[in-house]
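Here you get one chain, nothing else, as structure tokens; it is the form predicted on its own.
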């Protein structure tokens, strides 16, 4: 029996190349090794400011098409939309009753997000980690691939596991972090900070056209301060991207030019831009085809939700039986 994995992505806009390298690329690679559940966590996305109605539906469909275009395969993985499986919200409420307020108050991501959206510090933002725990534990995965900023949330998930088991009997096992090489793709405009879609000029989207990619890279910072003998962070970031998207030969040649003091950063950006554009070209084509038939996308994710519902409802029924709910 395969080990299992669950992970999700919020539908809050186009995914950038940092999202791809940090999450989506790994999801595709994990499909052959694990029993995978990948969901679009639309309920989580409601904690941030958003345009309702058609705009929100488009965001969800865009991420669904991106999943498929990137290589997530409904024959290998269970792909679904969080709100299509009502057990997520129901189990989250049950977990709320055993989660101390103090545990939630110390979550650094809540503090960070609250500082960025001071006009909308809602209860969902505060309770986000409990819903995340429900997302995970409904499917009893053995591992969860998370970025560094989500480790604290996974620790809370395991705290909830221990509290629930102690109060109601053995039901859940603690979840392990899926160990992957730490990866932080930095901002093009401020290479001391992580690439973020909330900061214009800092990112390249997965589906940007070649002209747009080159335009963004042309503005990428290279002349940043660095200690003697160390590569400036902006330059290091461009070489990091070339490692992932370019050819070893180009990387080796340009690195030798950098070390010899003859590099032209305009050429580095041109080579990198071509490499990124070529890498994502097949995905751009596939997503464009998918978007012509949104009903087919919905059909795939509806079928995935039915599969997820079977597992989720079995877990929820076990939880209710342990608690004594009728």
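What you see is a predicted model; the values in this text were computed from it and never measured. Numbering follows the first chain given and starts at 1.
The form predicted in complex with tryptophan exists for this protein as well; it is not shown, and the discussion that follows is about that form.
At a distance threshold of 4.5 angstroms between non-hydrogen atoms, residue 185 is out of contact with tryptophan in the model of the complex. Although the partner is absent here, residue 10 sits close enough that one of its heavy atoms falls within 4.5 Å of tryptophan in the model of the complex. Although the partner is absent here, residue 122 sits far enough away that none of its heavy atoms falls within 4.5 Å of tryptophan in the model of the complex. In the model of the complex, none of the heavy atoms of residue 287 sits within 4.5 Å of a heavy atom of tryptophan. Of the candidates 150, 205, 114, 142, 150 is the one whose heavy atoms come within 4.5 Å of tryptophan in the model of the complex; the others do not.
For the candidate set 241, 221, 195, 132, a heavy atom within 4.5 Å of tryptophan in the model of the complex is found for exactly one residue, namely 132.
None of 249-257, 167-175, 90-98, 134-142 except one has non-hydrogen atoms within 4.5 angstroms of tryptophan in the model of the complex; the exception is 134-142. Contact check for 24, 63 and 301: none of the three has a heavy atom within 4.5 Å of tryptophan in the model of the complex. Applying a 4.5 Å heavy atom cutoff to tryptophan in the model of the complex picks out 41, 44 from 33-57, in order along the sequence.
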